[in-house]
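A lone chain, given as C-alpha cells: the form predicted on its own.
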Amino acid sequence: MTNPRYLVTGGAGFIGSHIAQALLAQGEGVRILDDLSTGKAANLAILEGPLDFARGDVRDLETVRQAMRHIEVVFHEAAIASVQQSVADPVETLAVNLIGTQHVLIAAREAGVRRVVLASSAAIYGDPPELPKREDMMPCPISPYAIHKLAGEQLARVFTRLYGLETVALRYFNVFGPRQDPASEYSGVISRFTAALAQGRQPIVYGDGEQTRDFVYVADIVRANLLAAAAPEAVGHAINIGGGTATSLNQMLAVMGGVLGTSIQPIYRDGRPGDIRQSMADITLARRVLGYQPQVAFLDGMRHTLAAMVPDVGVGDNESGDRARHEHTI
C-alpha cells in the first residue's frame, strides 16, 4: 500500500479502532501504533481497507518516530485511560499519558506532520460544583490521570506556539459504545454495568448513584475527531466533546433496565478516591469551531451498546437498520 496519511496511536483500543474504521471507510490509508497492552487484536481484525499496523509503545521515542513517517494527521488515543489506575500507579500512568504524548509531539514535529488531535479528558475540571463545564474554567484536577491530561494539553499548546505544529485537544466526557472493554475494573461505568448484566450479576455503584455524567456515544466522538483534524479555527484549542446533558447513574440504570425489560437492582458501595461527583459539558465551543453537534441520543446509544454486548438483547426492525447504517459510518 502507499504511505498512509493518518496515524492512530492506540488504534487497537475502543475509541482508536472506531476512528481508524471511519477513516478506512472513507478510503483513507491508516497506520495504527499500539502495544496491545489494552488494545485488542480482535478490534484490528474487523478493520477493512489500507491498514498498516505497527506494534509498539509510545514510551519509546524511536518507535514513535518510525510510525510517524509520511504521516499528515495524528489522532493520539494511546493512554492508560483510568483515574483509578493513576491513583494506584501514578508513575506508569505519567510515563504513558504524558511522556508518551511528548514523544508523539516531538516525532510529529520532526516528521512535518500537519496536525495532531489529542484525546484529553473532562477529568481536568475536577469537582467544583459549577455546571456545565466550560473550557474557560480554571482546571482543578483531583487525580494523577487528570494532571497528566492537563499537562499534555499544555505541551501541545507549546508545540503549536513554538514550532507551528497544529494541535487540538479534545476533552472527552463519558464515552460509551461497542468495543469498550468491560474486563477491567477501571473500564467505563456503562461497560462495567453491561458486563455484570450479561453475566447475571448485580452491577456495583460506587456512591449513592446520584452522581452525574455526560455520556457521549462513540460515533459522536469519532465525528468530533474528524472535524478537529480539518477545522481551521480549532488549532491551539482544548475543546469539550460530550452530549451536553447530565445523567445520574441511577437514571442510567433505569434506561438500561427499560431497554432490557427488567428492573436492575445495583449494589451500592462507598465512593472511590478521585471520582468526580457531577459532570456535564458545555459544547458551545465545539459547535462554533468544529461544527460539532451530537447526533446519537443516549437511549439510542444504549440500545446499540446493549445489543452488541449483552446476549439475547435485540433492537426493533427500524433500530436494526439504523444501527447497521450507523456502524458503517464509524
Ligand SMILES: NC(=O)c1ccc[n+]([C@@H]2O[C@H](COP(=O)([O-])OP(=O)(O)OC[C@H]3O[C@@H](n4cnc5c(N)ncnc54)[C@H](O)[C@@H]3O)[C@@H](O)[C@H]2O)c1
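The first residue of the shown sequence is 1; numbering continues from there. Since the structure is predicted, the reported quantities are computational estimates derived from the model, not experimental observations.
Quick note: we don't show the form predicted together with the named molecule, though the next part is all about it.
- With the named molecule omitted here, the record of contacts in the model of the complex names 114 to 122 of 193 to 201, 245 to 253, 114 to 122, 152 to 160, defined by a heavy atom within 4.5 Å.
- Checking L61, L36, I267, A297 for any heavy atom within 4.5 Å of the named molecule in the model of the complex turns up a single hit: L36.
- The shortest heavy atom separation between Q180 and the named molecule in the model of the complex is within 4.5 Å.
- In the model of the complex, at least one heavy atom of A12 sits within 4.5 Å of a heavy atom of the named molecule.
- Using a 4.5 angstroms threshold between heavy atoms, Y217 stays clear of the named molecule in the model of the complex.
- Although the partner is absent here, A169 sits far enough away that none of its heavy atoms falls within 4.5 Å of the named molecule in the model of the complex.
- No residue in the set L7, D52 and L165 has a non-hydrogen atom no more than 4.5 Å from the named molecule in the model of the complex.
- Residues of 159 to 182 placing a heavy atom within 4.5 Å of the named molecule in the model of the complex, in sequence order: Y172, F173, N174, V175, Q180.
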